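Below you'll find only one chain, the form predicted on its own, shown as structure tokens.
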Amino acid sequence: MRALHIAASGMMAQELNVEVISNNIANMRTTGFKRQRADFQDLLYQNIRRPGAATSDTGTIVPTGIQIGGGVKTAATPRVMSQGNILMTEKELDIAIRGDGFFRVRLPDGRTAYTRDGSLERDANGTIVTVDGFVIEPEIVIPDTARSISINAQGLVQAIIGLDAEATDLGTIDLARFVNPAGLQPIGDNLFLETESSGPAQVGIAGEEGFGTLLQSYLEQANVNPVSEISDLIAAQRAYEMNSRVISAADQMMSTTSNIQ
């Protein structure tokens, strides 16, 4: 009976939907996390009576026809790149991006990754790195004698060196943006890689046209709305239950048919 397979595809789709929602909820406190959602498509249809087919020699046609769908499939799990809330941390190397853009991160294998996670640190050489020790590009080194580090909205890093009275420019943290940021490939550790779908990275200074600005001592929170996620979870559970009832109903119908004497 076709209904068994159709309902099974619905259960599998809702199972994946719950997995996506659970990942969003699990990362609701992850810095710079961008939530995903599951998009679905209907499967191929069996045309039992094709609309538009001729029904007589006088030119009358079938107005609607008869098509039986084959169920549902998952089409994509796009990432929603909307702005997350900004939270004050009072840590001088925490930086939030307000608007479009990603920090550039040099991976150990030489590739460049991109992140919205601005919880930065200094390594043993004074270089600004991520919490995993990956260098933020362009590389900026803060001297040991530096104090009162400041980072303005355009990413200019300044510090008072030693007994100097004025601040010294140490470098500028630039940003990268993409035509299609949802096409970036997530690799974990709050990092993304460029893909053909995302388009090439466009590097620029924060605050320039199309780029966001930076905010020192703040971090961007995940853009996960707990109330919305729980509502979606309940809806997915109900859809899963209804598909399971279809399977039960189809099984009972098959049992009735097999018991006919």
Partner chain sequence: MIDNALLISLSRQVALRREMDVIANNMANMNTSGFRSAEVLFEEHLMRGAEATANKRADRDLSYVMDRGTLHNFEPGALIPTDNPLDLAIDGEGWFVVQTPQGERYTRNGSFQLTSTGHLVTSEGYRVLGDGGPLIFNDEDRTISVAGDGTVSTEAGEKGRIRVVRFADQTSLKAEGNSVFRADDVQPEILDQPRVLQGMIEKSNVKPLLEMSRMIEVTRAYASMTSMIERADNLRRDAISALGRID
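Residue numbers count along the first chain shown, from 1. Because the structure is a prediction, the values reported are computed rather than measured.
The form predicted in complex with the partner chain exists for this protein as well; it is not shown, and the discussion that follows is about that form.
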query	finding
Whether 119, 170 and 188 all lie within 4.5 angstroms of the partner chain in the predicted bound form by heavy atom	no
Single option in 193, 230, 26, 68 placed near the partner chain in the predicted bound form, where near means a heavy atom within 4.5 Å	68
Per-stretch contact check against the partner chain in the predicted bound form, the hit in 179-187, 132-140, 105-113, 156-164 (non-hydrogen atom, 4.5 angstroms)	179-187
Heavy atom of residue 64 within 4.5 Å of the partner chain in the predicted bound form	yes
is_contact(residue 86, the partner chain) in the predicted bound form, heavy atom dist at most 4.5 Å	no
Contact label in the predicted bound form: residue 35 to the partner chain, heavy atom within 4.5 Å	yes
Proximity of residue 199 to the partner chain in the predicted bound form, heavy atoms at 4.5 Å	yes
Partner contacts for 8-43, taking the partner chain in the predicted bound form and a 4.5 Å heavy atom cut-off	9, 10, 14, 17, 35, 37, 39, 40, 41, 42, 43
